[in-house]
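Next up is one chain by itself, shown in structure tokens, the form predicted on its own.
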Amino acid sequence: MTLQRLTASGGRSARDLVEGLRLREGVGGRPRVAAVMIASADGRAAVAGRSTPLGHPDDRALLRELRAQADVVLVGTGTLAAERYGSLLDPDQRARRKALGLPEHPPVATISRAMDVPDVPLLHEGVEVLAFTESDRRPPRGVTAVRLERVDLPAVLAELGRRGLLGVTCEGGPGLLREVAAQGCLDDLLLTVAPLLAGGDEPSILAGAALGPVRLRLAEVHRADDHLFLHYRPAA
């Protein structure tokens, strides 16, 4: 397997990598889910509560390219709050989506059973935000409540599929990603490994009860300076 640089020159671009996922085609009658996460070399998914200190410009490019090509961004309320979500895409990416007849920003979906969506910049930027909930509480301004009898990941994906949203990029956090993996809904995992040792009690990219485990196969490896980009798919 060749180790390629993840750049527009001298290697594969983030745009090419994401186009190869064929996100919007769905899989097995449900939306396709590509998760994107970052972790330190010792497996921590955050430093002081945020993933930003782990990042690299090419990691940011990959994240935003996934958003640009996705039908919907799935993210947990804890991650929305911790990362202060806003300004999802760069101007050229918004223009590219508009030229394809898509909304300039993909809608953002989150699971909030008690309808406690945090107030983050995203809610004030004209982005459609869907909150899947079991609560009758009135949603915050800028949020559309999608009420389900039981909120679990298969039900959420089924509703997204009914809305024609077949390409999902999941940005975590660790609890949500665990649910995606546990329900057999993970189709691609794009994991960036940062050249840092973080220690402490920050979570790994998964949080919660132990899994089966879920076996993966390595599809691609890329690098940017000392950051590694690992593309996994579920093992057959």
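Note that residue numbering begins at 1 and tracks the sequence as displayed. All values reported here derive from a predicted model rather than from experimental measurement.
Keep in mind the form predicted in complex with a small molecule is missing from the figure; the text below concerns it.
Visitor: Choose one stretch from 140-148, 158-166, 94-102, 79-87: the one whose residues place a heavy atom within 4.5 angstroms of the small molecule in the predicted bound form.
Guide: Among the candidates, contact is made by 79-87.
Visitor: Answer with yes or no whether V127 is in contact with the small molecule in the predicted bound form, where contact means some heavy atom within 4.5 Å.
Guide: No - in the predicted bound form, heavy atoms of V127 and the small molecule never come within 4.5 Å of each other.
Visitor: Does any part of Q69 reach within 4.5 Å of the small molecule in the predicted bound form? Heavy atoms only, please.
Guide: Heavy-atom contact with the small molecule at 4.5 Å: absent for Q69.
Visitor: Any of the heavy atoms of A194 lying within 4.5 Å of the small molecule in the predicted bound form?
Guide: Although the small molecule is absent here, A194 would stay clear of it in the predicted bound form, with no heavy atoms inside 4.5 Å.
Visitor: Does any part of P31 reach within 4.5 Å of the small molecule in the predicted bound form? Heavy atoms only, please.
Guide: P31 lies outside the contact set for the small molecule.
Visitor: Exactly one residue in E171, E65, D58, D187 has a non-hydrogen atom within 4.5 Å of the small molecule in the predicted bound form; which is it?
Guide: Here the answer is residue option E171.
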